[in-house]
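Two forms of a single protein chain come next, each set out by itself as structure tokens; they are called structure 1 and structure 2.
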Structure 1
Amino acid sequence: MKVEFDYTRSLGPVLSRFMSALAQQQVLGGRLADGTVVVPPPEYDPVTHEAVTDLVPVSWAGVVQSWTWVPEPFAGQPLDRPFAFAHVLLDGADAPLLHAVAVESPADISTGMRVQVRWADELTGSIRDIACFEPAGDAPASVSVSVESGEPEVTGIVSPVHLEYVYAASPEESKFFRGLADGKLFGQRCPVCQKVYVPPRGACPVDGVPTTDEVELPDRGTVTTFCIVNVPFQGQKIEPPYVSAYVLLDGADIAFLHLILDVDAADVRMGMRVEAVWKPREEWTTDLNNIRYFRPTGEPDADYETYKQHL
């Protein structure tokens, strides 16, 4: 299972100055009401809740306060080989910064070790301008000096979000996914209330008992609620406007979300009868994406009473 998107955020006055300084190979800390300096600078003092406005330069060098070894880095981490994550207390700061330290083995890092910033080859005004830290030996503290570069201030960043995980399907869900590979839709029925759940659930959320009866369902159903997507976004695969809707399969008691295409978005409505459009057989996997989308069947709309409990 993969979830990924680019998250765009405005930085605000404090982090804008911090990121803009990184693009000039400077590190800024925020001075709090009690006089302590924190890197990165917070927007508000955690004790007084007052806005932090006093940003001061600190050193590129510092001391490792604590660390942990990363033997197998994940994609997107600062380094693509084994490294250490460490709390580094920069000279001139009173709170540590969490970042990567480039060393060959756990034997090459220790608490109290001096490290310094290794800057990225290309500075863009993000925390990744600090590529990592590296051993500094006895290097003296070198405090950043304010430099006016004439470059525009960095006011926003794009943070790629990527989550990939292995999903362990229950026996009921496994049957559902394997059914998709054969072009079939399976649900599970509660023996008490007789509700049919698709995708299936191992237990009925109403009665709290196992769903024991397997039910094969048709690939036709009714649109219950829907949303017309008009706003384009990065990575969008379908040109808006298009419709994302909850489809209640015939014989099911729970609707699931899918696309409605082959119809003008303005003509989609609650109660519309729809049918699945499957991918070519050779493209089927154990995935609900085997159904490309749903389209109108041309049948009369379903009576409101048949789906009013699913809005």
Structure 2
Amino acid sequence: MKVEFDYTRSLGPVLSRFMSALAQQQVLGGRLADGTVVVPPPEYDPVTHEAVTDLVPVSWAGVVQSWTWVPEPFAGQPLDRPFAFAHVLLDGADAPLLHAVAVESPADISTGMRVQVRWADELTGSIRDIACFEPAGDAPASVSVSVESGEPEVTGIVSPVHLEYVYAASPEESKFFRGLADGKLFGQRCPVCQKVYVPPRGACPVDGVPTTDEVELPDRGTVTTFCIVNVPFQGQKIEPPYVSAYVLLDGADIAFLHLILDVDAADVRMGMRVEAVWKPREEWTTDLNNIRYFRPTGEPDADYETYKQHL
């Protein structure tokens, strides 16, 4: 299961200036009320809590203050081969900057070592404009510390967050999904309240115990309530407009959401009797998508009294 989004972050005045300077290969620190210069500049002074406004240029070379080895980098980190993360005290700053240092092995880095910025090929105004640090000679690098005045250009950054998760179902749900692969709908009864849940539940939400006795349910039931979705959104899997309905299978005590098709959306009604339309058998998997949608059976509508307690 993937959770992926490119977040758009607005920066505010302090970080805008910091990022804009990076895009010009310059590093700014924030001068705090106590006179110390901190990189990256904090937005607010940790002591006075006032906004930090005095940004001053520092060098883009400095000294490793502390470091740690990254033996197994993952996608997104600054380097795709083993590297070091380090606290680098830039010349002119009083607090270190956290960033990557490109060295071959832990033996090639040490506390006190001088390093300098390797700039990214493309500068966009982000902390990644510093591609990484790399070892520098003993002599302080000659670096430009001029800062151009004027409005900062960079007011936002884009932060891609791509995470992968292994999704597992509970044992009770698993039985349901395995049943789907055989074209069957299995519910389970709560041993305390005797209600039939579909899908079965790891905990009956009323009694807090797992549902147990298996009940095979028919693939037909009643629409209790529904809405017609007319709005498109990012990541949507079904083309609107469509009817998203709660379908109460005959013999079940809880409705689930599914799609109603083969009928004009305007003709879908509360109480409408519907049946499942399955995908071709060879396409079945352990997924509720095996049922492509529900369609009207043509039976008379269910009496309101028979389903009103499910609203």
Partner chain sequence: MRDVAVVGFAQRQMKEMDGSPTCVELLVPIFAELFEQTGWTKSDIDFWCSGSSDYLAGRSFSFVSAVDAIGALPPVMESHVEMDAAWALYEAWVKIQTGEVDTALVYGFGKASAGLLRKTMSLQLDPYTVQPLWADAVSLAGLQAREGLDRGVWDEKAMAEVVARSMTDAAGNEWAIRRGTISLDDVLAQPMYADPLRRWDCAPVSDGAAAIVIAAGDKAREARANPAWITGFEHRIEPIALNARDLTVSTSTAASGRAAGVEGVDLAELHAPFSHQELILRDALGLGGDVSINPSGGALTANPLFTAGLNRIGEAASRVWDGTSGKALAHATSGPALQHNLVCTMEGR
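Everything numeric in this text was worked out from a predicted model, so none of it was measured. Residues are numbered by position in structure 1's sequence, first residue being 1. Between two forms, the rigid core is the largest collection of C-alphas that superpose within 1.5 Å.
- Here, the chain labelled structure 2 is taken from the form predicted together with the partner chain.
- Once both forms are fitted on their rigid core, the CA atom of Q65 lies less than 2 Å apart between the two structures.
- Once the cores line up, the CA of T53 ends up less than 2 angstroms apart between the two structures.
- Here C132 does not count as shifted, since its C-alpha moves by less than 2 Å between the two structures after the core is aligned.
- Taking the core as the reference frame, the CA atom of E164 shifts 2.7 angstrom between the two structures.
- The rigid core superposition between the two structures gives a CA shift for G298 of 8.9 Å.
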